[in-house]
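Next up: just one chain, as structure tokens, the form predicted alone.
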């Protein structure tokens, strides 16, 4: 089949990994190879429609977002801009890619509708509840204490990345919810320009990007941010062993981001590894432990506290108190329970220590994946 001109360009144009590209994000995204990016994190202009300055009760001026890049002449103009950049983003995503878009009440509903219009498949909307929001100084509305993120796959059939167990670990073993309580960017994390003012009015905290990238990408993935600003997405991606592509049209922001990224160091491979879902782990039959000689037929296994014991048989089954069966069946029968995870229930003795049987399963898995731990 003869390739079109665009297809030929896509096949030879390399990805500008770990670079900040200057210019219009729509034009640049359309120049990159189609189907080449794993995740897009987008923090587009919010179109705040501010009318005049905002002042505190003491009449001091609030440093609000009044930059030219956030100003659009009408909703129609903003909607056209949203349509074009989302189309360019969708073209860039791999078939199993996904996108995160963050916004406020000014724009997020319009963005969400356009995501659905273009065939993206929304998985969650996430409420980022700010633990330290800016007060409403005029006292005429509720304090704006949150922003909304939309997480969407490229299509309904996309096999998107979701590291459920990793997010659960971040949340002290509890399933991660769709309301995230995190502080806004302040203190030492807030970047300043040469005059000591905020380098960017809407710099996002690294904690927010850490959660997004750990939860929905894998090491080595390519993360693109079409509204790069001062480079929070790139900084967190680099630390976590992902490649990034940043697009930013404002030179002042690019300079700040470049300095920031030059100081970032990538964590080592062990540090960026995340907890995997049980269903994603390699299944190891207990019989392999016997075949490999890690345990010998006739050795005894013990429950915690030595309340029960069973003997290992050559075929990978156990026998204990005249009960025969798998490590799970025998454990359940001895405990009078409907089920039992034999890997965590049974222990074996080495040099006077009781060692969980599961350490042997972990060792086999690690050997299959190329990095084997050893029991102490």
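Residue numbers count along the first chain shown, from 1. By rigid core we mean the largest C-alpha set that fits within 1.5 Å across both forms. All of these numbers come straight from a predicted model, not from anything done at the bench.
This next part talks about the form predicted in complex with a further copy of the same chain, which is not shown.
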Quiz item: Quick check: do 198, 265 and 267 each get a heavy atom within 4.5 Å of a further copy of the same chain in the model of the complex?
Solution: no
Self-check item: Contact stretch among 188-196, 164-172, 254-262, 227-235 - heavy atom within 4.5 Å of a further copy of the same chain in the model of the complex
Solution: 164-172
Exercise. State the residue from 83, 292, 210, 130 whose non-hydrogen atoms include one within 4.5 Å of a further copy of the same chain in the model of the complex.
Key: 130
Practice problem: Name the residue from 272, 77, 304, 122 that puts a heavy atom within 4.5 Å of a further copy of the same chain in the model of the complex. | Solution: 122
Quiz item: Given that the partner is absent here, does residue 112 sit within 4.5 Å of a further copy of the same chain in the model of the complex, heavy atoms only?
Solution: yes
Quiz item: With a 4.5 Å heavy atom cut-off, would you call residue 142 a contact of a further copy of the same chain in the model of the complex?
Solution: yes
Exercise. Indicate whether a further copy of the same chain has at least one heavy atom within 4.5 Å of a heavy atom of residue 106 in the model of the complex.
Key: yes
Quiz item: Does residue 135 make contact with a further copy of the same chain in the model of the complex, using a 4.5 Å heavy atom cut-off?
Solution: yes
Self-check item: Residues of 330-353 having any heavy atom within 4.5 Å of a further copy of the same chain in the model of the complex, listed in sequence order
Solution: 337, 338, 339
Quiz item: Taking the rigid core as reference, does the Cα of residue 32 move 2 Å or more between the shown form and the other one?
Solution: no
Quiz prompt | Large Cα move at residue 304 between the shown form and the other one, threshold 2 Å, rigid core | solution = yes
